[in-house]
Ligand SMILES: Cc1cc2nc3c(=O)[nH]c(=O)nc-3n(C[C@H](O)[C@H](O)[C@H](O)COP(=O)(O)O)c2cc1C
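Read the single chain below, which is given as structure tokens and is the form predicted on its own.
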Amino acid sequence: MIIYFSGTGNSKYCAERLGELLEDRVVDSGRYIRERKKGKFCSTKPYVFCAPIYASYIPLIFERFLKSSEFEGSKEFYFVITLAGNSERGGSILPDTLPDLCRDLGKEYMHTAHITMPCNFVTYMNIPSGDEVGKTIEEAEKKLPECAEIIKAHGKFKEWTVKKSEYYAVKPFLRFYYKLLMKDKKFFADESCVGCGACERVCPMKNITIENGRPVWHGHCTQCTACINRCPKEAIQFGKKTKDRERYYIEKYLK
């Protein structure tokens, strides 16, 4: 069973491709998270979790969902992580976090595969050009079958190592990121907003409501960037820097 968390489609894309390659069921955790529901799953095949990197770890909202859910059947937990950086470095995720999570759940950690996908973090970065996005997706397509073959064989993904200096520099940043940067105060809708409610529907946190025809954020943001990237009018802004930035959602580049 493949279970994913995705804001703009990168991890969803990888999960669905793995579902095809493994001939396995694909589950959107966002449906559970949005309704504050625990998951109860049963699979004879290995569990595969697809999620993006937020400050060197999976989104904490996804971690909380996994910790609250039940996983019957297979004891094997694989993680396929999407990131905008260089997946060959392998230092993109804190080395002790996912093994600890698996141990707490009574499962076997089968290690983590890193898949480079296009950057979607429009709130702080520029989105790459269409050609660059296409090339990145093509490279990901080459790696996903390799991941699928390892999972089919019940093997383990490559074990990544992180330098101690890098580890001790990155780990405190996780707390800093969530405490200081995981905010929604800079989000607003400009004059092109038509009050369609798309942002309200795509938010996995139920953090957005439409009031008097305009979106209102309620302080529980996880910075998945679904609202700003998936607004059909590109009306949602984050401070002053996003007005002229390209928006990213993967379906835009798969047509």
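Quick note: we count residues from 1 along the sequence shown, nothing fancier. Just so you know, these numbers come straight off a predicted model, no measurement behind them.
Unshown form predicted in complex with the named molecule; subsequent notes refer to it.
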Option from 23-31, 217-225, 63-71, 37-45 whose residues, in the model of the complex, bring a heavy atom within 4.5 Å of the named molecule: 217-225
4.5 Å heavy atom contact, I137 to the named molecule in the model of the complex: no
Partner proximity in the model of the complex: G19 to the named molecule, non-hydrogen atom cutoff 4.5 Å: no
Close approach of G85 to the named molecule in the model of the complex, 4.5 Å, heavy atom: yes
Distance check, V80 to the named molecule in the model of the complex, heavy atom within 4.5 Å: no
Residues within stretch 106-127 having a non-hydrogen atom within 4.5 Å of the named molecule in the model of the complex: M117, P118, C119, N120, F121
